[in-house]
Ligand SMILES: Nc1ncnc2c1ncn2[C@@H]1O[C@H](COP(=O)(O)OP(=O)(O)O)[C@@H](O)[C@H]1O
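Encoded as structure tokens, the following chain is the form predicted on its own, with no partner shown.
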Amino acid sequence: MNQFVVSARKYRPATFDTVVGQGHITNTLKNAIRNNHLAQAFLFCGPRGVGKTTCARILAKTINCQFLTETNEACNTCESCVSFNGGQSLNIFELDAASNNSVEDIRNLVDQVRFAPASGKYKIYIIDEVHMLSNAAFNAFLKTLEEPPSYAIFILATTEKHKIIPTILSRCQIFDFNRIQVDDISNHLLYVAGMEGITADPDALHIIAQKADGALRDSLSIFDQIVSFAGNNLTYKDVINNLSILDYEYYFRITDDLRVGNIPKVLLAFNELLSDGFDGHSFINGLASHFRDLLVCQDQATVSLLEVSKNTKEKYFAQAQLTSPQLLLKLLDICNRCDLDYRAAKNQRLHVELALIRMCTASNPMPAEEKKMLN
């Protein structure tokens, strides 16, 4: 039986052009290579799973490539590229600062820097999770980072730039990696699915992309998990069941009931949700997000702001035309107050049910005669 390789490793980008969602960084790095304007130290910072270490490795491989392509990509055929791809390069060193964060570890690294590369033009040092270095280790690193030998290049990567001392920051070119857009992640997942011979519903891939919260690596891990669950035919239903996510259709249905003030149907729908094991707090926040999306869809020009599939955008726009902005603002206000008071409520189910009843009455105000009777 062949050993399984997770998608995050199997489809890890090997060139700048295959990096997903970080064009502003890859273009800058390629131009720096083309113009021979390479800094002695780079700092790649941003959220997890967005390509920091991947770009560091691609940069390290590319600047030592002997036969760069016309687009300033590594050739993958020269001696340097072949040794890198095989994990045998003697010019590229990776250090995990999370487990090598002492002064002694940095001194050992500094000692290595003194020796010129036996072959190739540069020695590249990639230090991951650099914010984990101790203050003493940072200070021991300062002089080497400021005035390294001409053949040494340092690439630092971190998820927490604010923890790095200013004297280190001032010695680096800083590149801020963005969270990857939902559409970019979804398109990449569609590519991976095609390569693996998996039939995937676009709506299902959008849900995975949203759940990943901008991290491509997380999305690929979720994708592998759901493929293990569902097999080679990935449907929208499989994804929401596996990830315990409320279906869009649920929010569309309950909004229709709220709009006409159908209190019994709304309460029964909420009871169904609780019976399925969902949390009332998550539901009320999800409902608020749904109302926000309906507000955004009041105008065709702003529908593009929704990070959902094309079919779902059409459903949002259709429902938005049936719901006034004034009503949506009222419903959002009720959701917000319910959210703020949820933790302190003694009876949390009743708390949400009262909020839903208020939403129904906001949609269909009580007649003046009934108000007088209550007063």
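The structure displayed is predicted, hence computed values, not measured ones. When you see a residue number, it is the position in the sequence shown, counting from 1.
Not pictured, yet referred to below: the form predicted together with the ligand.
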item	value
The ligand contact at Arg217 in the predicted bound form, heavy atom, 4.5 Å	yes
Partner contact for Thr312 in the predicted bound form: the ligand, 4.5 angstroms, heavy atom	no
Contact flag, Ile124 vs the ligand in the predicted bound form, heavy atom cut 4.5 Å	no
Contact flag, Lys52 vs the ligand in the predicted bound form, heavy atom cut 4.5 Å	yes
Among 30-38, 341-349, 303-311, 52-60, the region lying within 4.5 Å of the ligand in the predicted bound form by heavy atom distance	52-60
Ile180, Leu294, Ile208, Leu133 - the one with a heavy atom within 4.5 Å of the ligand in the predicted bound form	Ile180
